[in-house]
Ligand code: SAM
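Shown below, as structure tokens, is a lone chain in the form predicted on its own; questions about how it binds or moves come after it.
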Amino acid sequence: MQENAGVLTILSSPIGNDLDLSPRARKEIEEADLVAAEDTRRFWDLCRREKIKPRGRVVSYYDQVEKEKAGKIVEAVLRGEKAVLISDAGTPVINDPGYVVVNEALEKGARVTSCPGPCAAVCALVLSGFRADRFCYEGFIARKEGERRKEFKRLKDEERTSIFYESAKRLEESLKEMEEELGPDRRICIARELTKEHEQILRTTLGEAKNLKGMIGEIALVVEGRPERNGEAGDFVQEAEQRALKGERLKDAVKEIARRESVSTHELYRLVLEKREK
């Protein structure tokens, strides 16, 4: 790499609150020779709101033109120019354009750096209250039912916290199918309109979430990983029966045991009923 080579900066933009735009981000935009924006109209709107005055040229860079424009951006960087890549909201590359140009820049020896900032997935994760030492980002939930169910089946034994994006109009159906695959006790966090005026963080279970109606806005869905199991459901059938014989409601006993031992409530209840029928 040349000593005086330019740089491609992956710049994070606000996901709802303009105050989250960092001083460094402002400086990077104003000093850039080239700004590649996912939507130039939204970029100029942000500049007007925040009184930012870019001195370089501004070009559009969205999914459909990524391959066509990536090479030109990299060439500009290799000529010594400062280029900034910015998406409509959040961090480029993460479910936004950027993967193609970043990889091409790296392959050709151009310098690539990041101006970090807002990311809806990370924001939802830290607000969920679930473990964040190990997690996986899954992006948008598939639109086709077969693909969705395949995704959800895979989560049954996933121990890491999982993060999804979903549209409000498809959320109800996705949660219903997720409950069928993971059971009603799996905890989730629905993060809606993050950093905006009507931000809502709802921590609940898949069983309780099926009663949600009419949610609107942009949604990040965080699913807790499979709890560490202390045994199998069949190991606790006798305990559930004994507690029921002492007067405790069977469903309550099963629910409490299942939560304590991290086993399926439905499976334990089914096994108790099967034993009674024998």
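From 1 onward, residues are counted along the sequence shown. Every value quoted in this text rests on a predicted model; they were computed, and no experiment measured them.
Heads up, the form predicted in complex with ligand SAM isn't pictured, but that's what we're talking about next.
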* Going by heavy atoms within 4.5 Å, which of 125 to 133, 155 to 163, 188 to 196, 100 to 108 lines up against ligand SAM in the predicted complex? -> 188 to 196
* Does any heavy atom of Glu218 come within 4.5 Å of a heavy atom of ligand SAM in the predicted complex? -> yes
* Considering only heavy atoms, tell me if Asp96 and ligand SAM come within 4.5 Å of each other in the predicted complex. => yes
* Asked: How about Gly183: is it within 4.5 Å of ligand SAM in the predicted complex, going by heavy atoms?
  -> no
* Asked: Is Ala120 close enough to ligand SAM in the predicted complex to count, meaning some heavy atom within 4.5 Å?
  -> yes
* Option touching ligand SAM, based on a heavy atom within 4.5 Å in the predicted complex, out of Ile10, Ile15, Ala25, Ala258 -> Ile15
* Taking 4.5 Å between heavy atoms as the contact cutoff, choose which of Leu206, Ala89, Cys115, Leu171 touches ligand SAM in the predicted complex. => Ala89
* Within 140 to 157, the residues that have a heavy atom no more than 4.5 Å from ligand SAM in the predicted complex -> Phe140
